[in-house]
Ligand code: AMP
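Here you get one chain, nothing else, as structure tokens; it is the form predicted alone.
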Amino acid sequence: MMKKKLLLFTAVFLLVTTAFSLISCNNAAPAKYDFFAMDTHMSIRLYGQSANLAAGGIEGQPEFLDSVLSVTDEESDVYRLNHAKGETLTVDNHVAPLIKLSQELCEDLDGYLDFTLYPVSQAWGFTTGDYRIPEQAEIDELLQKVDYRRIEADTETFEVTVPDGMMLDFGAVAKGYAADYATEILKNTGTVSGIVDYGGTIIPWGMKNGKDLWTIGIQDPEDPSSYFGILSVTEKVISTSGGYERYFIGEDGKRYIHIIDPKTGYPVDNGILSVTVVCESGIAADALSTALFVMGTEKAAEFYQNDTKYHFDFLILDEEKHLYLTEGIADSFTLSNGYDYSVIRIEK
């Protein structure tokens, strides 16, 4: 199959609330794009002389990536790989590099992230909405098909081999990968500032009104219409993971969220409500927000303190209203009025 070329589209859709509340504004009329991609609503609001040029280039990438990474679209490369029964396929030139990047992240994150977890997610019904609690024997069998290291990808020939029975799902990194593309456009375009919102993965860029940092509201998991605090940042990627939007109540009365531990095959149940990561790398921010959620607070803190590669910060909110905040963003965060959280600062 010949490599696909990137097509840039312009689409306008109704904007709905995303995982973050954007509470910054700018008086000048922005370049606006509202659209739906990667199973979420997205928006772009950019200001400046080059705003329209930058926004137009950014808007097409999530839709394009959706067309090659979708697990349900029969025309996508990922769908074809998942149903190739072990046959080697030539894919779009984004897919093999994304596999390599994802494998590196999974390795660095000690397997707390695995982009081959899709068969287990299917068994729980998170991919179809037909929720169920699988038997332990079924989970054990499916976990035999989960191992990111077994995927073969050649970044020169763009050939990929997925062993028979295994399946890929880039849901934990795709928006971050798109965010990195957007960041490169923003860096290489003229004067521009604003917000790119990929539905839980956000890029604040430049300065609001030419002088102020952008303020990003962090959504309250127990009241999604509110935010429990704000971050004042710019030119970083901010990604949040939480179990408060996709979950089901089982016949046993227990709540099961869509974030699954690759080591056990079970939805995570460690008392964490949400994890927000701030990082220069979009794909790292996206992957880390999921992996740290799975790790739990103690291991997440250890990973942060030992990190010399990703240079990230995080906020972790748990069920006991403890808010764990790393030192790199401690002075950039403000707790909202009415939230009596116990803020615990984590030093390097």
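Throughout, we count residues from 1 along the sequence that is shown. Worth saying up front: this structure is predicted, and the values here are computed from it rather than measured.
What comes next is about the form predicted together with adenosine monophosphate (AMP), which does not appear here.
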query: Location of adenosine monophosphate (AMP) contact in the predicted complex, chosen stretch of 135 to 143, 169 to 177, 79 to 87, 154 to 162 [non-hydrogen atom, 4.5 Å]; finding: 169 to 177
query: Interface residue in the predicted complex among 149, 246, 254, 187, criterion: non-hydrogen atom within 4.5 angstroms of adenosine monophosphate (AMP); finding: 246
query: Single option in 112, 205, 124, 228 placed near adenosine monophosphate (AMP) in the predicted complex, where near means a heavy atom within 4.5 Å; finding: 112
query: Any non-hydrogen atom of residue 259 within 4.5 angstroms of adenosine monophosphate (AMP) in the predicted complex; finding: yes
query: Adenosine monophosphate (AMP) contact in the predicted complex: residue 276, any heavy atom under 4.5 Å; finding: no
query: Adenosine monophosphate (AMP) contact in the predicted complex: residue 241, any heavy atom under 4.5 Å; finding: yes
query: Contact test in the predicted complex: residue 91 vs adenosine monophosphate (AMP), heavy atoms, 4.5 Å; finding: no
query: Neighbours of adenosine monophosphate (AMP) in the predicted complex among 279 to 304 [non-hydrogen atom within 4.5 angstroms]; finding: 286, 290, 294
